[in-house]
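One chain comes next, on its own, written out as structure tokens in the form predicted on its own.
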């Protein structure tokens, strides 16, 4: 059986005094063995909350609905949302799912060397492999492991957390904004490593606002806007011309496309409209948009009453066909 993660109608709410944050609303997608799914969108749309929900790392004021079925090898299917903490801690985190966190240097203990932290992860996860061996797979030289976090460049810190995420040989890698703060050569190197992991039989869920990075590695693109997945398509189809007006706007905002920003701002997640949240920013809106659109069916889905029917005139030039 092919391993997969199937997320169905996942919703996350944060309860604050006098307000409720609708962080994720009815999100559905699947990532399969050997594939990379890129979850893209503007900051604050709910992408990172999605990752934390799948790992069971949400704060106490969160409520979660829906399901996220993890199927790996011969193990029984596991709903990550319903699983108790002891199961997630002992059998999922680091073992079946590895997390590459946002801002890697901030997640490393400042008073311990990279070697000590990687060795601890290997020991706790029962992996007898030497730290040097795993570090080499992540592109680190042995002497770099003996440095403290403040002595590591951004690229080195990224490679250290990549190595730690792989310490338990997980099937699924969730990479949360792994290119933040990196220059383009390091972005390229990080994407090459994530693509290699997928090609070796793992799966990768890439959470990013960097469409150029997603273009390099993704098999499928899911676009989030104001807590909802509004578009889901094969990567080649998406970069040839997305059908959702918001997704098209993301491409038009790239420097290579003229750097044209999407007008307006996303709505507050404490005050989402009943209909399409993109309505105030969309030049295709009509009265029908006051009602929430359906997302359609796989493999291409678009939650829009008036989707674009033709490709953009200038699709990204360098998409890698898979």
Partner chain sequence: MLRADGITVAYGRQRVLRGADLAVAPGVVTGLAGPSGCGKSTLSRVLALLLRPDAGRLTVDGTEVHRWRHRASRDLRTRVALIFQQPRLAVDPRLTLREIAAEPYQATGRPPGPADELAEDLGLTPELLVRRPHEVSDGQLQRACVARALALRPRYVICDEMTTMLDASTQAHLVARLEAYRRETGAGILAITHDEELLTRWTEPSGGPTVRMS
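Positions refer to the first chain, counted from 1. Computed from a predicted structure; not experimentally measured.
Heads up, the form predicted in complex with its partner chain isn't pictured, but that's what we're talking about next.
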Quick one: which of 159 to 167, 179 to 187, 117 to 125, 232 to 240 gets within 4.5 Å of its partner chain in the predicted complex, going by heavy atoms? 179 to 187
Quick check: do 212, 259 and 265 each get a heavy atom within 4.5 Å of its partner chain in the predicted complex? yes
So, in the predicted complex, is residue 42 in contact with its partner chain at a 4.5 angstroms heavy atom limit? yes
Evaluate residue 32 for contact with its partner chain in the predicted complex, applying a 4.5 angstroms cut-off between non-hydrogen atoms, and reply yes or no. no
My question is simply whether residue 250 lines the interface with its partner chain in the predicted complex - judged by any non-hydrogen atom within 4.5 Å. yes
Just to confirm, residue 255 within 4.5 Å of its partner chain in the predicted complex by heavy atoms? yes
